[in-house]
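One chain comes next, on its own, written out as structure tokens in the form predicted on its own.
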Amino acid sequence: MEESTKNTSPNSSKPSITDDKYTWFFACDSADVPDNGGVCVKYNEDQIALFHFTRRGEWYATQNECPHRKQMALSRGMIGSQNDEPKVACPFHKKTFSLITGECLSGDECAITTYPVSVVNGKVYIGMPANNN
């Protein structure tokens, strides 16, 4: 049975190995991610912060690196909402970022990369931009 999740991507159906926009990879089992928290997932050389925002029934993925001091820390940040916008706060600098768009909600001119997430039968998949070579 497929789990229903809100997703930052129009690609919320069962992921294929590759589609026109994304290469989907298996990140972890949904039980491996704490409720209302995050984990770090490695994909090739990239560190991805994966969040299960259970209070909203949503999953999000972003880069793990905070852009301020280049620390791999966002997966350990606190998640919450600001004017109904899901966000993550860096545990070191307290700068907040939208989990949907990646924009800094603290007024700085920086942003983080976000990725689509799909959960199918308890398995979490993250979509990475497909190589258009």
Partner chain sequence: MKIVVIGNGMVGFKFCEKLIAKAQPQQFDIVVFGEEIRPAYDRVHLSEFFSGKTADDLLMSPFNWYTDNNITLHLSDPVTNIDRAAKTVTSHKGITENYDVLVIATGSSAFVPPIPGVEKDGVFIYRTIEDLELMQAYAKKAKKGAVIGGGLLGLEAAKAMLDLGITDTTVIEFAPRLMPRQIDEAASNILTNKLETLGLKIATSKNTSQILGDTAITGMQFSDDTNIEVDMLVISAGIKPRDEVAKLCGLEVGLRGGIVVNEQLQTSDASIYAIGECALYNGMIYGLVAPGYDMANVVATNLTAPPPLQREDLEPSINNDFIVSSSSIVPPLGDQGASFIGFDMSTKLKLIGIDVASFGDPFIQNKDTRTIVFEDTMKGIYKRINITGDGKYLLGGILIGDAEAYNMLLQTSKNKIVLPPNAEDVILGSRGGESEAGAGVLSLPDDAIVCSCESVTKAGICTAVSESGCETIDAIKKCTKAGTGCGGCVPMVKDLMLHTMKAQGKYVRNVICEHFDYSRQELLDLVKMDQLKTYDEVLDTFGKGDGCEICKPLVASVLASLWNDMILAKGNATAQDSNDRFLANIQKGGSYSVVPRIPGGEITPEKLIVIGSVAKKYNLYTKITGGQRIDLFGAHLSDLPKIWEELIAAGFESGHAYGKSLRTVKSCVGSTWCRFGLHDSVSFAIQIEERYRGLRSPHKLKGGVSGCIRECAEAQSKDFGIIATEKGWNLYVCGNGGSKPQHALLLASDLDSATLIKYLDRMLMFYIKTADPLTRTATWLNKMEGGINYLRNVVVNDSLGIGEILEQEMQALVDSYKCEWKEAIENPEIRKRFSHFVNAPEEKDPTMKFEPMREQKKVTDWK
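Computed from a predicted model, the values in this text were never measured in an experiment. Numbering follows the first chain given and starts at 1.
Unshown form predicted in complex with its partner chain; subsequent notes refer to it.
Tell me, yes or no, whether C28 is in contact with its partner chain in the predicted bound form, where a contact means a heavy atom of each within 4.5 Å.
Contact check for C28: yes, within 4.5 Å of its partner chain in the predicted bound form.
Contact test in the predicted bound form: T62 vs its partner chain, heavy atoms, 4.5 Å
Looking in the predicted bound form, residue contacts with its partner chain do not include T62, since no heavy atom lies within 4.5 Å.
Its partner chain contact at L99 in the predicted bound form, heavy atom, 4.5 Å:
Contact check for L99: no, nothing within 4.5 Å of its partner chain in the predicted bound form.
Mind listing which residues of 33-53 have a heavy atom within 4.5 Å of its partner chain in the predicted bound form?
Heavy-atom contacts within 4.5 Å come from V33, P34, D35, N36, G37, G38, V39, C40, V41, K42, Q47, F53.
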